[in-house]
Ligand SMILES: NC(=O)CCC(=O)C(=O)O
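Below sits a lone chain in structure tokens, taken as the form predicted alone.
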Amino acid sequence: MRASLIQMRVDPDESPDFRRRRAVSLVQDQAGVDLVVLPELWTTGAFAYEDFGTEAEPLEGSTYEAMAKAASDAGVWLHAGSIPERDPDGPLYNTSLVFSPSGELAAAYRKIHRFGFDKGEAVLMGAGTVPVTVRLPETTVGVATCYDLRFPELFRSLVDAGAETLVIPAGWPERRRSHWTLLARARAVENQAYVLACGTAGTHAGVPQAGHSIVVDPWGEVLAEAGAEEEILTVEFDPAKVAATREQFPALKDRVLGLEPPRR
């Protein structure tokens, strides 16, 4: 299986409409790849809190339409990163969109863990409640977003739902880059799954981004890692290695906690 992680640069002097067109072109260039991944909130910048409200769009808005066409044009599965979604009956959400090679929406995931410690995203956006997986022909993908990476119980629920490949778009800050790579490897090892974590480059609202998109195999080995600037990280991996790893070292079978409600 071949995947491309598009580590886009998000700059304040580039309008969301222009960046949307640029993203379409970058996705279209990935024809022949199985799975393409964009970062979190690339239309606005993950730390540009003041733009969330003005740039929020309905689920089937401009970004949805552009990404559906890009997926169809390239004939790829596309995890289109996330957008600030405006629910007509509720708050904003940080929502990820996944499209099939025909351009159909395969899944939408509202980010469960909101970052900000009672500021920013944590107060401006609502929290999702439902873990999401998507079945591709080669593998089952578990979907998570940025700050979710710090909460291992979410990934356990994705594995319980059949996930073999964990895809995580992010807008992760440079000052905590060591956590980014550490947690990506930890989630791969503890779940015996591939991790494809796609970050952004550039600076969002004065916050330098980590970049360093990364692909990790089920043993925790780094298959590929980007640098700090905009680039496309393309890697080949074998989805069958997940089952082989889980059979060779069946740690998941020894789970005790979290499998059933505690007894009173």
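Each residue number is its position in the shown sequence, starting from 1. Nothing here was measured: the structure is a model prediction, and the numbers come from that model.
There is another form of this protein, the form predicted together with the named molecule, and it is not shown here; the text below is about that form.
Among heavy atoms of E85, none comes within 4.5 Å of the named molecule in the model of the complex. Interface membership of A188, defined by any non-hydrogen atom within 4.5 Å of the named molecule in the model of the complex, is ruled out.
The named molecule in the model of the complex is approached by R176, whose closest heavy atom lies within 4.5 angstroms of it.
Looking at A197, you'd find every heavy atom of it more than 4.5 angstroms from the named molecule in the model of the complex. Of the listed positions (V76, L97, C146, L166), a single one reaches within 4.5 angstroms of the named molecule by any non-hydrogen atom in the model of the complex, namely C146. Shown here without its partner, the chain carries R9, G81 and A201, none of which come within 4.5 Å of the named molecule in the model of the complex through any heavy atom. Looking at 229-237, 64-72, 45-53, 215-223, the stretch with residues near the named molecule in the model of the complex, meaning non-hydrogen atoms within 4.5 angstroms, turns out to be 45-53.
Residues K111, F115, E121 of 108-123 are found to place at least one heavy atom within 4.5 Å of the named molecule in the model of the complex.
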